[in-house]
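Just one chain follows, in the form predicted on its own, and it is written as structure tokens.
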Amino acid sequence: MESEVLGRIAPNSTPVQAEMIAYAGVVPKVGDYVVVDSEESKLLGMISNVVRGALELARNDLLQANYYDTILEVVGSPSDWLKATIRMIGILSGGELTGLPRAPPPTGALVRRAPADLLRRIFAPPTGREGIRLGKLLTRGDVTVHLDPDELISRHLAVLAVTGGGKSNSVAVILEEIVRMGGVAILFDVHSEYTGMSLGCPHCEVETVDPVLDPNTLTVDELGSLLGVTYDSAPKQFIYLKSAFKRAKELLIRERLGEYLTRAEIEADRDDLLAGIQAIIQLSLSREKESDDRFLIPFPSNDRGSIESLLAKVDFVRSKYGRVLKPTAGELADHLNYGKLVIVDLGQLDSDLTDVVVGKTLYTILMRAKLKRIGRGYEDFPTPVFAVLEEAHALIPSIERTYTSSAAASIAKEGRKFGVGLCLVSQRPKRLNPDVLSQMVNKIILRVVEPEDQAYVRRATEFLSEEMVSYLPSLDVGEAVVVGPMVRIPALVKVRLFEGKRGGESLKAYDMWREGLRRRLNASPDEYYDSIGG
């Protein structure tokens, strides 16, 4: 019998799923591809589950292992049988793949292992273009899997796995491939995992930038998010903030903002909009009597407490975030370019500031891409842009609305029209905003252990069967289920190792302790404790 022949279709198959009884000695593997021969057509399927049994041990009353011993002493090796569940992928016609069959395969139809050359054609890059080389099929080490960059950008991506499952390596591989093609990418690095990253291609550029916010470019809503003053949470303070914002903007345009900073005795750049807002609120509270000064805010006496609280928040934010709030610093989006990866190092920021920095940058990228597309400016803005959000469950949580989640939702809905792709990376899928995650049509799902996370991933992924979900905890590091239009058919993939240099690898505790002990023993006590700040 030919080695590629696996078995035959068992009764009770459907157009989307069938069971195969394997020939003796054949062991089907989960994730492998098969071709079902029938008189009408050839069908491509994927093995999603395998069950093994033995004819001699199939009785339900064999309730002790001793009974197995007795039977095996008589029969010797049992007559094993294997039954595989096959999920139908499509009809093969002239080597091309079309839609699902409308009728189930006939009982007894022959099942063969899919030829490697067929799979290579299916997972090859789009005709005439390059693809993103992700790795090899888990069950076919001779078949390379490429992702379609057009579908990756237009339909977005989620990379999901437990810590240590291979998320960061997968992201690094994809980013390197995008930049190698001349693509534009920005990575929001929440835990400074990618600091010091370098790519292996000659023309690829990586720039790690400090997160800065130009207060002069903030909208009143963005400023309110930074201050914790929104119309929903503090409507009265937000109204006064909006009034001060409008007055400070006008003074800035008239180049008179410095006058109010001087009157309020605030030391700041004369073009610092946020400092100007503080000055206007402060001078309004001091009840200066200039009758013709329309730039001070009138208010009734019973609102004084709200305005004083607003002033305190502005002063606190300027003091706390002074190193990040830099007038005339420009936008992080200004750093984007073709063949370049921009890494925004957010490791030293708190969650509130991180939210505003990421949300504002995403909105800026989308706005510029829109204006470019409709011919209203930013003709030289590099697009399409691929934006990656590490620790996405913290930035786009399921239980609260953040500024980043609003920006991400806008990109998820509109990005494909204007050339902005989004990638969410998370080890806790159930904590992600479900509306945003559902629009990440492409998914790379590595090892996922927690049952609630598995169920969440299953609900958010069309092709992922219950059987394949059950395999997620057993995936090894770097092994992934890959689904979505970026691949022509779902795949189990061994993601290749990133070939460049990536910072943020796990600490080597043993080596660091031994080196520290060596230094301590080789130095005098005074020298050693001085060196560690003791």
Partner chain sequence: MKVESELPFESIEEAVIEARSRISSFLFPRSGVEGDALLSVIRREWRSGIGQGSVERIAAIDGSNNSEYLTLGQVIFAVSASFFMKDTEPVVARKYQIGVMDDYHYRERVSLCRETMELKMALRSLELGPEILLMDGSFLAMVDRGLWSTPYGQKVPYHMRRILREVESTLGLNLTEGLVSYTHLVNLMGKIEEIVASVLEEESGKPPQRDEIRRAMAFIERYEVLCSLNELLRRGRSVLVAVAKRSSSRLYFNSRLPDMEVVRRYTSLEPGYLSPKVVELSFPEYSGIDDTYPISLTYVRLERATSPLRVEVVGNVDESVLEELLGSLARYSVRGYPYHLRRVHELAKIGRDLMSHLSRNLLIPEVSGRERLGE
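Residue numbers count along the first chain shown, from 1. So that the term is clear: the rigid core is the largest set of C-alpha atoms that superpose within 1.5 Å between two forms. Everything numeric in this text was worked out from a predicted model, so none of it was measured.
Not pictured, yet referred to below: the form predicted together with the partner chain.
Only one listed stretch (42-50, 61-69, 474-482, 29-37) carries heavy atoms within 4.5 Å of the partner chain in the predicted bound form, and that stretch is 61-69. The shortest heavy atom separation between residue 200 and the partner chain in the predicted bound form exceeds 4.5 Å.
Shown alone here, residue 75 lies within 4.5 Å of the partner chain in the predicted bound form, counting heavy atoms only. None of the heavy atoms of residue 351 is located within 4.5 Å of the partner chain in the predicted bound form.
Taking non-hydrogen atoms only, residue 262 never approaches the partner chain to within 4.5 angstroms in the predicted bound form. The listed set 219, 233, 79, 93 contains one residue whose heavy atoms approach the partner chain in the predicted bound form to within 4.5 Å, identified as 79.
Residue 63 shows a C-alpha shift of 2 Å or greater between this form and the one not shown [criterion: core-superposed Cα displacement of 2 Å].
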